[in-house]
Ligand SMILES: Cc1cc2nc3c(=O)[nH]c(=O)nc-3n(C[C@H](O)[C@H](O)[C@H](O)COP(=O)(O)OP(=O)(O)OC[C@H]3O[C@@H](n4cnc5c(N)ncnc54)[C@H](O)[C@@H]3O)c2cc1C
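In structure tokens, one chain follows: the form predicted on its own.
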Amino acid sequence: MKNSFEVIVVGAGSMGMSAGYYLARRGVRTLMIDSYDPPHENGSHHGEPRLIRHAYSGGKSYINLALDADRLWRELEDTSGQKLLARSGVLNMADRSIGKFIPRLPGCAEAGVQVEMLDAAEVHRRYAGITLPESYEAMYEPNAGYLYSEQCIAAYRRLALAEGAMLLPYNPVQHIQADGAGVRVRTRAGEFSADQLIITAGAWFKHLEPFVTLPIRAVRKTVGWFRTEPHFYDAGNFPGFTLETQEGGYYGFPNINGAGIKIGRHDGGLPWSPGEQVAPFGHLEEDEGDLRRTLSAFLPQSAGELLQSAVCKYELTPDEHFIIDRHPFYANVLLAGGFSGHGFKFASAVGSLLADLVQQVPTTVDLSTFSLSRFNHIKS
């Protein structure tokens, strides 16, 4: 393998593999380095699928980025010849006292995102398997759905390599050195140089300190697949969903090909640091208990036998918004992280955006929302 490139990408997971593809497609000599062999089970992209929705809180930056990501996922489907996105619709449900949906409606109307507000009775009429208290409301997104995350990563990988990108798996980064002239990255396979560097290390950013120190904490998260009563929750008839309760926030997916209904909890989780052993599913009572109790309360015909489980990692910023910015000391080093459990849907757009930033292509994305400087008051 040659040692000199135009761009090195450290972390070839969701964002990194996407960036590697878009760079290689533009003729940029690109090396992607990963500690494992993506797609793999040591990041945040395994255990398909992942929701894609557009009626986002957090302002226009997120809505526009979600719409751009959707366009790029469809383009990836066409290019790869694979089915990667299912338009199941997404039903967002919440206790009215939490007030999640009404503030989103003006931004959705401005961006042309179709949504429909439903009360608890209407939700049950459409989906007999859902039982909501009268105090709940819902916002339905008919054009949303879910992505087959591991297949998305595999498609980007195959196409990136076909475009000339190089991938160095099973090689944790040992040292990074940068200056205005370029960067050097050392792994056990040797030292590699480039003009520019992109770091998309996910939950592993702490491993790269002191070269880069970000206000990101890694958290162990669990998901489970549960046996359902026939027909109530089958893909094709049942949407993806989010559920905000006074006890916590959840997300889930229909029963796809008999795998069972998938559900995970967005908040909470067990702190984790790179290098530590990740506790297996079932280590804590709430691993299964929280998920089962929520299904029993709101989707009661889905709280059957636990068919499958998985453990993944969140990489959380203090405000749960992303970091997409340049290194505070090295302008030729781009940082993308802190995707906080809701980032996968944006991976296509973030990868394309990183390629734009490398090539200094003008972008319509408001990067101030994702600036690292917003955390200047926080001591890492």
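For every residue, the number given is its place in the sequence shown, counted from 1. Just so it is clear, the model here is predicted, and its values are computed rather than measured.
Although not depicted, the form predicted together with the named molecule is the subject of the following passage.
At least one heavy atom of residue 201 is located within 4.5 Å of the named molecule in the model of the complex. At a distance threshold of 4.5 angstroms between non-hydrogen atoms, residue 23 is out of contact with the named molecule in the model of the complex. In the model of the complex, the named molecule sits within 4.5 Å of a heavy atom of residue 51. In the model of the complex, the named molecule lies farther than 4.5 Å from every heavy atom of residue 296. Shown alone, this chain has one stretch from 286 to 294, 229 to 237, 169 to 177, 105 to 113 that lies within 4.5 Å of the named molecule in the model of the complex by heavy atoms: 169 to 177. Just one of 93, 223, 90, 256 comes within 4.5 Å of the named molecule in the model of the complex, counting any heavy atom, and that one is 223. Scanning 251, 101, 192, 140 against the named molecule in the model of the complex with a 4.5 Å heavy atom cut-off leaves one residue, 251.
Interface residues of 338 to 355, taken as those with a heavy atom within 4.5 Å of the named molecule in the model of the complex (partner not displayed): 339, 341, 342, 343, 344, 345, in sequence order.
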